[in-house]
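In structure tokens, one chain follows: the form predicted alone.
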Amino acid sequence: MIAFQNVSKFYENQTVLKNITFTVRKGEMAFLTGPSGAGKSTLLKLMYLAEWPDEGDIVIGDHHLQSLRMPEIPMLRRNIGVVFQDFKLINNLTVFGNVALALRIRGVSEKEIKNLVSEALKKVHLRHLSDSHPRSLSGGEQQRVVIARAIVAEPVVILADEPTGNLDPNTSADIIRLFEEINLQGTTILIATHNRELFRNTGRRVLKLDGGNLVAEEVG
């Protein structure tokens, strides 16, 4: 489902990622870890082409990113849900409105939007807060809205960049359990985190980055 083959990324004279090779199987939930500055966020950005690789090839499903044409990028991104650490919610929209926004931009019918958003909020256990605004929610609830937004279009891959970075340990554990529930439904998930407690004793594969190099692979 996800494959990196000898991928490198440079910024001016700095090597951010060097000769990265790994795969994440279809339906797998895996973790990407390493200290701040190891290259985790950059690696995720390469997967939805917020950044472009300088060397190597990346495959997401049927898409070879190096040969992807510009008109094909929106289709790639429709198959990828992204969960950010800083939420990126719009405060003057309701929970429903935040989750529905991307569907409305794509021209999805309001009837279908209602069904898709309702189902996404049900999966993250927030349907009762559909009419609330982000400011009235706890940090954990806001992150659940972000996850609902990521899954509403039923992507085949979810990428999460430090999704529990602003949350307390108990709420963080709840968020990981939610990702596990989503993964059980067949979605491939890659979670970037510096917090080893999130994957300890999970039995999940853990890819370790350090200084832009993939230095180890272990089981959490």
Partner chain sequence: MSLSYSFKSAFQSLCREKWINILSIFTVASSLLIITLTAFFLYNIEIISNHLPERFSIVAYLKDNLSQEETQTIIDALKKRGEIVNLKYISKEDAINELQQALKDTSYILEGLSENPLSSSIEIRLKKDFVTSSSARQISEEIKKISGIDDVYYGEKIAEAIYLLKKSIQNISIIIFLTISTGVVFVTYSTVKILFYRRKEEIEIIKLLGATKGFIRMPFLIEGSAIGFFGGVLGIIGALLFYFAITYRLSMVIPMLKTLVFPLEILVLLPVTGILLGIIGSVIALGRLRL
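Please read these numbers as outputs of a predicted model, since none were measured by experiment. Numbering follows the first chain given and starts at 1. Rigid core: the largest C-alpha set superposing within 1.5 Å between the two forms.
The form predicted together with its partner chain exists for this protein as well; it is not shown, and the discussion that follows is about that form.
Heavy atoms within 4.5 Å of its partner chain in the predicted bound form are found in exactly one of 170-178, 189-197, 45-53, 22-30, that being 45-53. In the predicted bound form, no residue of the candidate spot (15, 35 and 205) has a heavy atom lying within 4.5 Å of its partner chain. In the predicted bound form, its partner chain sits within 4.5 Å of a heavy atom belonging to residue 77. Under a 4.5 angstroms non-hydrogen atom cutoff, its partner chain in the predicted bound form has residue 106 among its neighbouring residues.
Contact check for residue 122: no non-hydrogen atom falls within 4.5 Å of its partner chain in the predicted bound form. Although the partner is absent here, residue 144 sits far enough away that none of its heavy atoms falls within 4.5 Å of its partner chain in the predicted bound form.
Scanning 77-100 for heavy atoms within 4.5 Å of its partner chain in the predicted bound form gives 77, 78, 84, 88, 89, 90, 92 in sequence order.
Residue 107 shows a C-alpha shift of 2 Å or greater between this form and the one not shown [criterion: core-superposed Cα displacement of 2 Å].
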